[in-house]
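Shown below, as structure tokens, is a lone chain in the form predicted alone; questions about how it binds or moves come after it.
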Amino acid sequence: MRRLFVTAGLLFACGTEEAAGPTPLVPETLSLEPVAWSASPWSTPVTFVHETETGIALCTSESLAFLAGSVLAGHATEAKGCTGGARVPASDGAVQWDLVTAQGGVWRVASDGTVEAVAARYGLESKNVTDVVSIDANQFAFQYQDGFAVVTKGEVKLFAQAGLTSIAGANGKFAYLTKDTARVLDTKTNALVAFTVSDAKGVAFDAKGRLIVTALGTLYRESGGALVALLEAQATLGAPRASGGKVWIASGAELLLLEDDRVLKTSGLALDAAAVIYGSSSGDVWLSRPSGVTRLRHGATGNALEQKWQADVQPIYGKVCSACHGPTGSAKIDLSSYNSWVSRKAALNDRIVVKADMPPAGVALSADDRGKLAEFIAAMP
């Protein structure tokens, strides 16, 4: 793997001040419902949640617990206390890898939940790595103490950055944050833009690739080359968490949801100071508290894509896939729920659409049904 070490900034950055914009949004009511995701209640506090192609990795202070088909499949004590995770282009020619950062190292989570130390593959064995994010189908990035690394088709570039607090990536864009400056690199054009924002808490990207920044009690979004205040909250805001095109934010004892041009807010959720949230590829939010971890969804009827899954995909699953891909099926990959499909988009596209070798020989799938599956897969975030 070829590596290029860089010690200066990426490109010339032109600072952009916080900008006055339209009247801040007024939060609408946010209703949440719990989502069943485990065969038994999970009462252990977690430090991070990462949804892999074959299950859910729940990191605690003692181990990485892996759930497959809602059933606990094993523990890996090497990767305890995870701080980040992402699905990224693999370095071995496979479609994707699931990586987590833990104890300053980088770990690959295999399909059965076992872990492998892989920091040396990226030249990061001597770094204190704290996070990993996906940028696009060919690129991803790591955060470590006083710097970050961008991996592009096997090439690793390291950049020094003092005071780095968080990173984010999506749709070919990479953002990195210090206390008073958020920078966004467009990897397609190599353009780098800097936004000045005081006391920033975190960064994320929305479904349209716009930068989201939280700072104390203000929620900002990139618009017209500047950061525009969307919401002036009465409580301190936490770092934004991207989740299937949505953005979730802790706001004091409540949760905010940024969805397109709407901001929604819970009432009476009563989060305590120890509560932490994590995003989900499905658009749900994971909420970790001292009492355990829960998965929450906005609305009782689900979103339009989930309704499409119920109408078009679930009947096909029932007659074609369920024998092998149920919660206890022989394939060991549970595809019985909407969330399980969304979390495995890359693998499903590869096997159903590109290679068309699923279902296997001897199991019939009509051209019309394959077309419905392909349409749903293409629509997934």
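Rigid core here is just the name for the largest C-alpha set that superposes within 1.5 Å across the two forms. These figures come from a predicted structure and were not determined experimentally. Start at 1 and count along the sequence shown; that's the residue number.
Another form, the form predicted in complex with a small molecule, is not on view; read the next lines as being about it.
*Asks:* So, Pro359 and the small molecule: in the predicted complex, are they within 4.5 Å at any heavy atom pair?
*Replies:* So Pro359 counts as contacting the small molecule.
*Asks:* So, in the predicted complex, is Leu67 in contact with the small molecule at a 4.5 angstroms heavy atom limit?
*Replies:* Leu67: no, not in contact with the small molecule in the predicted complex.
*Asks:* Indicate whether the small molecule has at least one heavy atom within 4.5 Å of a heavy atom of Cys324 in the predicted complex.
*Replies:* So Cys324 counts as contacting the small molecule.
*Asks:* Hey, in the predicted complex, does Ser291 get a heavy atom within 4.5 angstroms of the small molecule?
*Replies:* Taking the distances in the predicted complex, the answer for Ser291 is yes, it comes within 4.5 Å of the small molecule.
*Asks:* Spell it out for me: taking the small molecule in the predicted complex, does every residue among Leu335, Leu348 and Ile352 have a heavy atom no farther than 4.5 Å from it?
*Replies:* Judged in the predicted complex, Leu335, Leu348 and Ile352 all sit within 4.5 Å of the small molecule.
*Asks:* I need to confirm a contact call. Of Trp42, Phe48, Trp341, Trp37, which residue comes within 4.5 Å of the small molecule in the predicted complex, counting heavy atoms only?
*Replies:* By the 4.5 Å heavy-atom cutoff, the listed residue in contact is Trp341.
*Asks:* Is the C-alpha displacement of Tyr144 equal to or greater than 2 Å between the shown form and the other one once the rigid core has been superposed?
*Replies:* False for Tyr144: its C-alpha shift is below 2 Å.
*Asks:* Core superposed first: is there a CA shift of 2 Å or greater at Tyr278 between the shown form and the other one?
*Replies:* Result for Tyr278: no, shift under 2 Å.
*Asks:* For a quick test of reading the superposition: does Trp309 move by 2 Å or more at the CA between the shown form and the other one, rigid core aligned?
*Replies:* Yes, shifts by 2 Å or more.
*Asks:* Tell me whether Leu348 and Leu287 end up closer or farther apart in the predicted complex, going by their C-alpha atoms; the shift is 3 Å or more.
*Replies:* Closer in the predicted complex, by 3 Å or more.
*Asks:* I want to verify one pair: Val320 and Gly69. Are their C-alpha atoms nearer or more distant in the predicted complex compared with the form I supplied, knowing the change is 3 Å or more?
*Replies:* Here the pair is closer than in the predicted complex; there, farther apart.
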